[in-house]
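The chain below stands alone and is given as structure tokens, in the form predicted on its own.
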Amino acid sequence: MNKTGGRMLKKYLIKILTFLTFFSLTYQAQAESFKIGLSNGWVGSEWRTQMIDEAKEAAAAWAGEGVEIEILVQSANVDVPGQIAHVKNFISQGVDAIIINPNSPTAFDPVFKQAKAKGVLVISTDAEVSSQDAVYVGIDQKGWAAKSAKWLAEQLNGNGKVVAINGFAGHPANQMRVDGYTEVFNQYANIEIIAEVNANWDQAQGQQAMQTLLATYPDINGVWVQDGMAVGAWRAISDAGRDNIIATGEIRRDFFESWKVEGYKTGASVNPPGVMASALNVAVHMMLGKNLKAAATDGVYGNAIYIPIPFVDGTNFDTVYNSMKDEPGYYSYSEALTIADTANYFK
């Protein structure tokens, strides 16, 4: 090879090396990895277990986008101080983001402020929080209750005596739901709420509560009952032969099986376990430096991003039933914002 050819080859190799170096640096710049802590302060239902599982699946899906997510989970029956300890543990472990299903709307303000000072993104889901150092991603719990309450009021033709079976007294999501159905029923002069009880989102307690209500108030016309308890409530109604009562339903597969067999006339708002997965996908976009198209200003605290609330009744029952007929009885119908869906929230 002559000198001219040698110089040309050298230049060519330099260009190739430069390109490969640029490609390597570009790939390294694009490759991202984040550590996310998931805090669940109550494990008293399969819904919460499914919530965590769906969030883990959402994290794994980001690998296809060149983003590696390490998930840390703290899931236990704890009081508010115990869940605050969750958050502090995550901060000390150097997480990039914390996604929390909170046990209080206001108690986390100081610790969320500490998280923000450490550069940790905080997103709550399933229940809103007052802290302006956090963002809420989930359904409007008040709107969730209002949707099914309106359905019940319309089925009653705006007239009747109604009882309500609620979740945990004092839980923020529960209280917003109470506010939601109360506001709707108050719009109907001839609907009277004659009793409200708590059954802690437990199927057996829901059945016992309904049995007691039926014995105490024989003139019940309608029942507004939350997820986790409708299976039990409907069982009590059926056992009592009270097919003249109209009641809301829920989104678990075992309830859908009874709904199909018994031909219930019912309807259910969906609070999908996938809300934490939706929150995680929003969090990753934020950690990638993307900006929201519209600021998170929804909700009672002005820091929420509300996602759609599905509703199931006779019009779409078959579609929903078929989508989960092979799942175990405790499985809840779920929807979640995908990576692509959440990308639409950003510029």
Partner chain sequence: MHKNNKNISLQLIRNFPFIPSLIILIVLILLNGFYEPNSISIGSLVGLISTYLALMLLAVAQTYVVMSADIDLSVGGVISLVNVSIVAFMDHFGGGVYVVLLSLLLGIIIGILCGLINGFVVAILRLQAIVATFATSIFFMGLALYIMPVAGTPASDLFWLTYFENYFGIPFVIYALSFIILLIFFLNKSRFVKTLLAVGDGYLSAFQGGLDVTKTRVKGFLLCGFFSAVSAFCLTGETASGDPLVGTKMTLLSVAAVVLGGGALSGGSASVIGSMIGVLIIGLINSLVFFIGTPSEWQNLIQGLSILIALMIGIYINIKAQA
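The model shown is predicted, which means the values in this text are computed figures rather than measured ones. Numbering follows the first chain given and starts at 1. For the two forms, the rigid core is made up of the largest set of C-alpha atoms that agree within 1.5 Å on superposition.
There is also a form predicted together with its partner chain; it is not shown, and the following applies to it.
Considering its partner chain in the model of the complex, the lone stretch of 149-157, 69-77, 134-142, 251-259 in range is 69-77 [heavy atom distance within 4.5 Å]. With the partner omitted from this view, the residue of S238, Q187, Q114, T212 that lies near its partner chain in the model of the complex is Q114 [heavy atom within 4.5 Å].
Among the residues G263, G119, G170, P218, the one placing a heavy atom within 4.5 Å of its partner chain in the model of the complex is G170.
Contact annotation for the candidate site: S278, H285 and P308 all lie away from its partner chain in the model of the complex (no heavy atom within 4.5 Å).
Under a 4.5 angstroms non-hydrogen atom cutoff, its partner chain in the model of the complex lacks G299 among its neighbouring residues. Within 4.5 Å of some heavy atom of its partner chain in the model of the complex lies at least one heavy atom of N89. Taking the partner from the other structure, its partner chain in the model of the complex has no heavy atom within 4.5 Å of any heavy atom of G222. In the model of the complex, G267 stays away from its partner chain, with no heavy atom inside 4.5 Å. Residues of 82-106 that come within 4.5 Å of its partner chain in the model of the complex, judged by any heavy atom, are G82, I84, A85, K88, N89, F90, S92, Q93, N103, S104, P105, T106 in sequence order. With the core held fixed between this form and the one not shown, W201 has its Cα displaced by at least 2 Å.
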